[in-house]
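One chain comes next, on its own, written out as structure tokens in the form predicted on its own.
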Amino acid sequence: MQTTENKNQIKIGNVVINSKVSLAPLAGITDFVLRQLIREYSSTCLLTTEMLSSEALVQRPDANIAYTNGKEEPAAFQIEGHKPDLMARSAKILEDRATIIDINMGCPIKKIVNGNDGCSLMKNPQLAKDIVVAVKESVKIPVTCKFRLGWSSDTKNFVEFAQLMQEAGVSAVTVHGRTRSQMYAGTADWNEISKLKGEIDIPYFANGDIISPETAKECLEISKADGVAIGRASMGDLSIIHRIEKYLNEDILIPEPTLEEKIKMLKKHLDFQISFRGEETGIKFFRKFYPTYIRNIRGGGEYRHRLVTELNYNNIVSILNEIVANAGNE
């Protein structure tokens, strides 16, 4: 594998990542705000943006859809699409702000695959290769891609697909341990991902169902991957990547944040969204995050309903304080 001598580093092209952990892209989730907050906990992980439409970037290159403050490095900016020329042009637009360009070939969402983007590219490997070649020719920074085991259980072509992507010029791949047909149901198959070992000469990250430092370590052992990509577990716990890094690097297991600590994270996250998007838009945008911060608490359903229907900031803070106070009285 193309790794450095330091076991806690991964070399992606000419870029050295001083971590075995990356933030996986999540549409509408891994925005500038979440990435910045995770960076406060981890200075070394590879951050990845949410999926960025190549067509939108080309049509509105000055729009705010790929905002960064230049302090996110190392950061991969992920693009999606199926037209090699547009993908190349969008990558060029992002080159000055990105450490790495990542190509989405794994999104299973219907509106994405129906447009021949995302995981549908696994059904058209030649087009996927053409996209990588075009993007590689347009930028001087490393190019990576993310995909799944295949379109369905009968068409698991991820090993051959990874080999083709390496041939096209990618410097690393991330594999989600499910097929497109599974969407996010069932269990991510880390054993399947291990079939990549020895089949490609570039680093690969394993993704799917990694929810703690312990599962991250287990995934690395089973998948034989160079690193892990953390997606949904980053929602509701800004410290998850840092805690995983600490466990993998130093065998130190930092406990999961307490409810009180998670509520503090939630408030900081909400305040940042409001600062970034404005109060009304920020509060509405944040609704998707409430369940992840307060999952598995007594009365969680009622609290979630109150929070997602509340638009007054002071009332939201009151509800959050109530959650902490009631937890302390149990």
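The first residue of the shown sequence is 1; numbering continues from there. The structure displayed is predicted, hence computed values, not measured ones.
We do not show the form predicted in complex with a small molecule, though everything after this point is about it.
Report the residue, out of A75, I141, I230, I202, that has at least one non-hydrogen atom within 4.5 angstroms of the small molecule in the predicted complex. So the residue touching the small molecule in the predicted complex, by this definition, is I230.
Which is the contacting stretch out of 39 to 47, 22 to 30, 274 to 282, 257 to 265, given heavy atoms within 4.5 Å of the small molecule in the predicted complex? It is 22 to 30 that comes within 4.5 Å of the partner.
In the predicted complex, is there a heavy atom of the small molecule that lies within 4.5 Å of any heavy atom of G208, even though the partner is absent here? The answer is yes: G208 has a heavy atom within 4.5 Å of the small molecule.
Can you work out whether L270 and the small molecule are in contact in the predicted complex, taking contact to mean some heavy atom pair no more than 4.5 Å apart? L270: no contact with the small molecule in the predicted complex.
Touches the small molecule in the predicted complex: M51 (any heavy atom, 4.5 Å): Residue-level check for M51: yes, a contact with the small molecule.
Heavy atom of N104 within 4.5 Å of the small molecule in the predicted complex: N104 belongs to the contact set for the small molecule.
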